[in-house]
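Presented as structure tokens, the chain that follows is alone, the form predicted on its own.
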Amino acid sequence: MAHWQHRLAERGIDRQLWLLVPALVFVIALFLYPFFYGLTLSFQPTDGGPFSDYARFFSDSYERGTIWITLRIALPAALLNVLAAVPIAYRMRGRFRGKRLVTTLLVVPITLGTVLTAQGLLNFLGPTGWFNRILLATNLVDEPVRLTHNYWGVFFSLVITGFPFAFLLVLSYLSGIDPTLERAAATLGADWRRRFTRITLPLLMPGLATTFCLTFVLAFSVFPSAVLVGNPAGETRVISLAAYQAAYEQYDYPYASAIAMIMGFVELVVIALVLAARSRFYTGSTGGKG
């Protein structure tokens, strides 16, 4: 044993690197292997050449349209979550009484899950929910407002479940910005708006781009909400639902794998565009509190 340790040390390999082996096995078993297996399977269609399933997807307007439907839901939801998280996290980074309670309330939706969130939306925003009962009782509307089993039901579900992640991420990035920078600007006469737009926001922008990417990926993979509070046969037939139907209703696993690969490619394109746009803003060190 000591001989092998000595030989590894001579080659510049620290034995503590072996601690990475469990994590490496985990990544290979749960990410790399399924990905490459699905990628290989997508080029093995039941009929036609290796790219026939991809051609089949893009030649069918009903299937191809799921990309736009999913983007139309995921992009606004991710953007709203990030925009809503910034002012709240900016206020929450300071010290005030009841901060822990407020933070707990803001992240509670993480514990609910998509199914319970969907059930709550149906009870509150459904045709017979509290919201419509109040509107009808006050004669503000003549018939219930449709806020579930359509685009808005899925959108509200993604906002509720995605906001806690965006909030926690933005709060962590804000906590890494040296507060003395704003104090120095204040001593030079800058008001809070100038301090935020000229100092905090440029330093925060790389973190906002990362937060948007993560919340977008979370929203783009929407599935239960599209079925429970959406219209899965129409305006909320997202691409993940198309992959599910291909695999477990048509039992065409190569075609389902092809849809999954297209789904991943679209996500990568959006993330690449966001990260490319991030380079236009300040990307230096945000500094530390100490």
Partner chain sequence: MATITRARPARPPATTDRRRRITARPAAWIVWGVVIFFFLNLLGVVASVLVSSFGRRWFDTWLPDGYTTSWYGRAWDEFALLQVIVVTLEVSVLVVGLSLLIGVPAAYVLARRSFPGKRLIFLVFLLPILMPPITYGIPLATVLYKFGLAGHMSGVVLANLVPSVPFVILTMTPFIEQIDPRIESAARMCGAGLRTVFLRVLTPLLVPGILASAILVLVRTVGMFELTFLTAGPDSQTLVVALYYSMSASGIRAQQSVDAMAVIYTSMMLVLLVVALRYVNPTQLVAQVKEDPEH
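Positions refer to the first chain, counted from 1. Between two forms, the rigid core is defined as the largest C-alpha subset superposing within 1.5 Å. Everything numeric here is computed off the predicted structure, so don't read it as measured data.
Only in words, not in the display: the form predicted together with its partner chain, which the text now covers.
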Touches its partner chain in the predicted bound form: A243 (any heavy atom, 4.5 Å): yes
4.5 Å heavy atom contact, P76 to its partner chain in the predicted bound form: no
May I ask you to state whether V107 is within 4.5 Å of its partner chain in the predicted bound form, using heavy atom distances? yes
Please tell me whether any heavy atom belonging to F26 falls inside 4.5 Å of a heavy atom of its partner chain, as the geometry stands in the predicted bound form. yes
Given a 4.5 Å distance limit between heavy atoms, list every residue of 34-73 close to its partner chain in the predicted bound form, or none if there are none. P34, F35, Y37, G38, L41
Could you check, with the core superposed, whether the Cα atom of T180 shifts 2 Å or more between this form and the one not shown? no
Once the core is superposed between this form and the one not shown, does T138 show a C-alpha displacement of at least 2 Å? yes
